[in-house]
Each structure stands twice: as C-alpha cells, then as structure tokens.
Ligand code: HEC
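Heads up, the chain below is alone and in the form predicted on its own; it's given as structure tokens.
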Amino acid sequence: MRPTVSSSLLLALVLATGCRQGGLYPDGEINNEAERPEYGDADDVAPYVGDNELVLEAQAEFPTALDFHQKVIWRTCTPFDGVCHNSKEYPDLRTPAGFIETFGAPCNLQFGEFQSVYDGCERPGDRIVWYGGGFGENELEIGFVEYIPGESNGFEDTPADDAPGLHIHLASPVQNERPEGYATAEFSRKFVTDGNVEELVYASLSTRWWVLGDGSHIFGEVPNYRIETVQNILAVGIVEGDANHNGTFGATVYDKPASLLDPNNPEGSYLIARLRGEMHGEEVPGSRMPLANKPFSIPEMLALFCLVEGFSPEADATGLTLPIDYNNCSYAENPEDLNLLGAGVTWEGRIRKILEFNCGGCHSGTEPAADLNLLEGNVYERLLETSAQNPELNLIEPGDELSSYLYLKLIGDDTIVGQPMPFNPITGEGTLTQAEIDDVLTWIINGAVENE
C-alpha cells in the first residue's frame, strides 16, 4: 500500500521548502492578501447629522446591517439551545446569510404549539375534496387537522368529537347528502408559477367518513392498516388556515401573511412583534423575545427598524455590508418610542418585562430553576409567596427590599443561596443594569404594585 501524507503535513513541507530554498516565497514572506467582501461605500447614504444622541449612538455602533447582526443578533438571539435561534430553533440566525433569509420568510412554523401562532401569520389553508359517499365533491379549505391515536374497531354510532381517528376542521361546512359514508379524500395545495395559479394534489385517503356538528368537522376512521398512510400525510406538513384553532382564518382577515422580517415594513414584521409583544395594536401570542438575554436597547431597536424600513427586497447576504440609512429613517424622528420596557414602574408596566427578558430562559418550562416560572401562570402572585431557596423570606415583600429574596439575588447579597441572578452560563457572571435594578427597588419600596 502506498504511504499517504496528511494535507496539513504536506502544506507544512511546501511552505518550509519555499521559505528555505527560494521556491514559492523567495523573500521569506507569505502574501496573504485574501479577497474579502468590501463594506458598502459610505457615500451611498448621507449620514444623520442631527443632535439626537440615541440616533447618533445607533449610527456609530451599527453603521451597517452586518454590524447589527454581529453585535446584536448573533450575541442576543443565538447562544442558548432551546431558547435561542440557532440550528435547533427556527429561524436560524447564527450567520449573516441566515439573518438575510428571514426577510420574507413565513413566521408560523411552531410545530406542536398551535396556541402560540399569531393570526396574522396564518396562510391560506390547503384544500380537501371528497369523492364518493355523498359528500358533494366540493373543494373546501382546511382549518386544522388533529390525529388522535387509539383503537379503531369500527363505529356503530356517530363518533364522538374526541374519538380516535383523523379530525379535519374546515373553513365552511361540507354540503353533504348524508352524514356518513366511505369516500376518498384528496389533499391539494394552490401555488403560483409564472403568474399562474396552479394546484397540486399531494395525498389521498380512502376510508369511512362522518360529518360532525355543523358540517365543518369531518371525522375519518383510521384502522390499523391506514395508520401509516395518515402519518405520511401529516408528515408532508398540511398548511392549516386556522393553525391556532381559534376560529379566525388569518389569511382572510389580513392583506397577506406576516413575514419574519417584512422589507420596508418594521411594524408588520413578526420578529419585531415578538420583541414588542404586539403588532398593529394586537397582542402577539408567546413570550416576549429575547428570552435568555437583555432586551434590545433603544439604539439597537432603532438600528433594526431603520434596517428593515430601508431594506431592498432584492438584496442578498452581501447587501448586509451597505450602510443603514438613519438620515432618511422615519423612526429616527422619535427613537424614544422604541423603548421596549415602556414607562411606569409597576409589575405589568415594567418589572414583568425585565424579569421575562433577563431570567425567562432558565425560569420557565416544566422544571424551572428554583421552582420559579416567570413565563407561565400567575407570576405576580407567585412572587408574593415564599422562596424555595430561603423559605424564611418571600420572593417579594412589598415595601421591604431587604426582606425580598428575589431582590437580594439580583444584587448578589451575601445571604443568598447559589449564584446571583441572572446568571450567564457562557461568561459565568451576569447582572441587570443598574437602571433595571433601581426600577425593581423602586417597585418594591412603593408596594410592588401590579397595575397602575
């Protein structure tokens, strides 16, 4: 067998030969002038020359979209598995290319968590039509689909609403001639190609069907020999017009489904809505973002808003090197309005947001740290109860910060158990800003008020 040489060893031999014998590099110097992408010409965008310090700070810190990605998105939104947007969480924001892909990307890909889907994210649902069985052969929009596993040995009576089988909820009732029958259902999806609307039938299921309720709930029997077929249909990913099961078909209410980031439309961008907790005055389901890091500052929010407002839909990843146009950005007129934490030092007005943003990554889920869930349930009432780490103190004692164990954890008091909070597992340290700690202190001293 011929002996092999590793690529790294071969490279070392070549370089050494060149340096010593006047071969590749006779001067003993390696020319390392790599071809790298250039930043956009600053002359392409006139800089902001006003006197608003927040705008000037944003312009100095985040002159380009690439700067914003490296200094804010990558740092804030991607580090921690399970609560951040890396390879394990949609969208993947680790790279500039991943960030650029969020422009125009759909926002309701939250499998298994239908309650957190925002109506404005819902797309037109796939279509279904039944052939045979007296179901009228009308093509109807699918609202949502539920498969309930279990034994199916035939139904003598009309199945219950929660019977084992395939439940299909429709946008409108089926025009059935009879409430039960054996039929073939075809699933299809409409799409646009070169300006023409086309339809693709991607699955079919032949079984016994029942019409339930007002006719918009159809039940399909799934005997053992049909289980694999049904699982394959579900694996395709049926587009549901009412993905959050609340009776509102978002695509019929809104002009178009929201995108993660909508070019030229920050107010209608889903990622921004998750940062703010609302879109167009409507509450957006789900926890405020980011979960495991500090909320965006006003200059960071301004950079994001101005980036999205001035973004060209034709831009690719290299477009991230172009300057952000703060001079013509409408949000630069009143950047203070982009303050995520708002005003009013009450639980609902400010404190809840501080704790959610900075502590929700660890204090959430089925096994929250220190038995304290800051994202679910009546968090305010829980904070007025005893600490799991020090049962002699309540987490919050209205009017008495030194008897409030949560406050002592935030300031790193010597009497606490474990690490001060919030704790950053990457750096081994962590704390709120002094302004945030001052707000928590003010809130406690003034009675830990829930609302104004």
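What you are looking at is a predicted structure, and each value in this text was computed from that prediction instead of being measured. In this text, residue numbers run from 1 along the sequence as written. In this text, rigid core is short for the largest set of C-alphas that superpose within 1.5 Å between two forms.
FYI, the form predicted together with the ligand isn't displayed, but the following is about it.
Heavy atoms within 4.5 Å of the ligand in the predicted bound form are found in exactly one of 124-132, 148-156, 360-368, 223-231, that being 360-368. Here is the short version: of 411, 388, 46, 402, the single residue with a heavy atom within 4.5 Å of the ligand in the predicted bound form is 388.
Exactly one listed residue, out of 372, 307, 93, 338, brings a non-hydrogen atom to within 4.5 Å of the ligand in the predicted bound form: 372. Within 4.5 Å of the ligand in the predicted bound form, a heavy atom is found for every one of 417, 421 and 432.
Residue contact with the ligand in the predicted bound form: residue 271 places no heavy atom within 4.5 Å of it. In the predicted bound form, at least one heavy atom of residue 355 sits within 4.5 Å of the ligand. The ligand in the predicted bound form is approached by residue 395, whose closest heavy atom lies within 4.5 angstroms of it. Contact check for residue 66: every heavy atom lies farther than 4.5 Å from the ligand in the predicted bound form.
Relative to the superposed core, residue 370 shifts its CA atom by 2 Å or more between the shown form and the other one. Annotation: Cα of residue 163 displaced by less than 2 Å between the shown form and the other one, core superposition. Residue 148 shows a C-alpha shift below 2 Å between the shown form and the other one [criterion: core-superposed Cα displacement of 2 Å].
A shift of at least 3 angstroms brings the Cα atoms of residue 440 and residue 271 nearer to each other in the predicted bound form than in the displayed structure.
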